[in-house]
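This document starts with one chain, in the form predicted alone, laid out as structure tokens.
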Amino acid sequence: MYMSFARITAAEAAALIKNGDNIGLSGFTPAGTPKATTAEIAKIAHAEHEADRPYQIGIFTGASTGLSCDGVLAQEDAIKYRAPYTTNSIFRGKVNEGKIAYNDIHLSQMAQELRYGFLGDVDWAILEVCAIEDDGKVYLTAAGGIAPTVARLAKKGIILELNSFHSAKSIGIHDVYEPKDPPLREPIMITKVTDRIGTTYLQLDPKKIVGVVECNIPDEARAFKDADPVTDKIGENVANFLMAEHKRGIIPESFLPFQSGVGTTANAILGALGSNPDMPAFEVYTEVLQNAIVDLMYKGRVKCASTCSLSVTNDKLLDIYDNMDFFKDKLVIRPSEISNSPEVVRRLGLIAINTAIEVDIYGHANSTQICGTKMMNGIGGSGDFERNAFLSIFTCSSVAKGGCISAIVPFCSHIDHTEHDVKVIVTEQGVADLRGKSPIERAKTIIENCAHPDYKQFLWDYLKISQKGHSCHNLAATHAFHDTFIKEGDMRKVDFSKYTL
């Protein structure tokens, strides 16, 4: 089907990428991300650095990648600039050492910021595909990401990784659509989760395809911890809260679509929702689809799902491919600027559930940085969904590090989501409904319902020493929890008696 294009090895493809080039990748999470060429680029970087020659590139992605991209390239100091989200620990270490210029961008904005020219040129696009046609039609694998944009913008050419691990049975699952830029942009005409507005393929300019790398490489699916009593209780608290909202008519009888973040807590929440006998079968409009949602689809508890990425384990991914007759009218994969579109999120009235590192007593949330300085992963799509959702929920365990860290603090060390965007906070301790409350009312609700017992009195003490106003703060003590942890290793050693107004 692709006789028009040269077959090249991954090493030959990598040799095309020169020092200073910017590459744009398909994929969203390790799903759908090219893996053969980037691993070879890392070898080139190693050799160039051994020869005392410079070699660094810029990387534009849909979201995180895997070890064969962010991991090996960061290990070889081959990354000069990278955007947006990432989860790789090696990469994270280099960022926090100041060795990589990392730009944390809302995922819905990544493709358009490239088109607007905000981030520089895209020299090469490297796309993972499961099928290629001679006229330049290609079929993406397990994710949408920013593939349409980087392919169109690539100035030097497009490299295709034809990965036979991904079955061509999946052809038809994608809905590829790239919006026009202002002032020509039109409404994104999605009014239902299953609406399709684009094509099942990505149309490339055949002249830009410099070669096809044939490979068979599984996705580098992330394994998450099993649920534990804390995550199970968070899931139970979320489910009970939503069912109470449903019962009193705040949530419509037919319910509303869900968006959920990624990880163990997200799986626990979805499991609790799916197992609640009073919860009607629901829809999902999200950026990442995890195993829990697939299992609920099989059980009829999730009617349909729209996503940007099949961020599932490899056995589950192959199961989806083998059962496409079941999924073809229930599942759609979109580019990230559509899956995360604020316009669509608000129109559909999503219930957005995401995880925070910490929240403060006034309802601000920090989802990216430890103690305000160390990057964890990035904001991802949480801002896209939470600000525009019908109901925005943040979850976290009330404590971390064996109780040495409180996730409920006087003031967040870094704020990604302001009090204006956070409606509900849930920990294993309980639920804080912040809707319609003044700042001091929010503070009292969060301390009482969400803080761990070890920290409640400390938080009440903080309020007592704070300057009264619309919000109550003692500016000298706002980060006393964090300062104490850095110095003593345990926030419970904080001493608010030394702070005066």
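This one's a predicted model, so the numbers in the text were calculated from it and none came from an experiment. When you see a residue number, it is the position in the sequence shown, counting from 1.
One more form of this protein exists, namely the form predicted together with a further copy of the same chain; it is left out here, but the text below deals with it.
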Any of the heavy atoms of Ile90 lying within 4.5 Å of a further copy of the same chain in the model of the complex?
no
Contact test in the model of the complex: Phe411 vs a further copy of the same chain, heavy atoms, 4.5 Å
yes
Given that a further copy of the same chain is not shown alongside this chain, does Tyr102 nevertheless sit within 4.5 Å of it in the model of the complex, heavy atom to heavy atom?
yes
Even though a further copy of the same chain is not shown here, does Asp384 get within 4.5 Å of it in the model of the complex, heavy atoms only?
yes
From the list Glu113, Asp123, Glu236, Glu178, which entry has a heavy atom within 4.5 Å of a further copy of the same chain in the model of the complex?
Glu113
Please pick, from Thr264, Thr200, Gln75, Asn96, the one residue with any non-hydrogen atom lying within 4.5 angstroms of a further copy of the same chain in the model of the complex.
Asn96
Hey, with a further copy of the same chain in the model of the complex, do Gln109, Ser254 and Lys487 all fall inside the 4.5 Å heavy atom range?
yes
So which of 63 to 71, 445 to 453, 469 to 477, 29 to 37 is the stretch with heavy atoms within 4.5 Å of a further copy of the same chain in the model of the complex?
469 to 477
Of 330 to 351, which residues get within 4.5 Å of a further copy of the same chain in the model of the complex if you count heavy atoms?
Pro342, Glu343, Arg346, Arg347, Leu348, Gly349
